[in-house]
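A lone chain, given as structure tokens: the form predicted alone.
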């Protein structure tokens, strides 16, 4: 059973206190907490339960420095005690498509649904279905940020990097879409408070 060492924040507090943090306390992450963050993230929903997301967890400083170079020398990559590279792999999903369906459906229904699901992507290119998978992985990204904060950790979601260099450094397949690079740790700065549009600008009521 996972042992969580940090005080757990409720959902509202985690959302309201989340900041984009780029300077972190220089101490290793508790590995039980890290695994719990990933476990909670893996509970994110996805269309047909495809679960396209995968995680590359980097806690090696030499590799982090190389990832920092691939991220246009953004210092938070090597300053954080860990970096989670969230990516999607639709080809792995299609190769193991039976795994996404609940066993409670029964063998025949799983077989039928798996065949129908696979057929729905056969006419698409690897890039097209990879883009669809990446959209699903973005749901997990939101979960990751809140899950980390709920356990008292901080993050900054990064899209500024060279995807091919990151794939090469981590040995990821060429078809993988990298959703985000996410440094994780305890904040060593407060960061800016939220600056968001009001609901009157964002919402239409019908």
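Predicted model only: the values in this text are computed from it and were never measured. Residue numbers count along the first chain shown, from 1.
Unshown form predicted in complex with a small molecule; subsequent notes refer to it.
Trainee: Report yes if any heavy atom of residue 159 sits within 4.5 Å of a heavy atom of the small molecule in the model of the complex; otherwise report no.
Mentor: Close contact exists here: in the model of the complex, residue 159 approaches the small molecule to within 4.5 Å, heavy atoms only.
Trainee: Counting only non-hydrogen atoms and a 4.5 angstroms cut-off, does residue 74 reach the small molecule in the model of the complex?
Mentor: Residue 74: yes, in contact with the small molecule in the model of the complex.
Trainee: Is the gap between residue 20 and the small molecule in the model of the complex 4.5 Å or less for some heavy atom pair?
Mentor: Yes, residue 20 is a contact residue.
Trainee: May I ask you to check whether residue 196 falls inside a 4.5 Å heavy atom distance of the small molecule in the model of the complex?
Mentor: Looking in the model of the complex, residue contacts with the small molecule include residue 196, since a heavy atom lies within 4.5 Å.
Trainee: From the candidate stretches 33-41, 159-167, 55-63, 146-154, select the single one in contact with the small molecule in the model of the complex, where contact means a heavy atom within 4.5 Å.
Mentor: Stretch 159-167 is the one.
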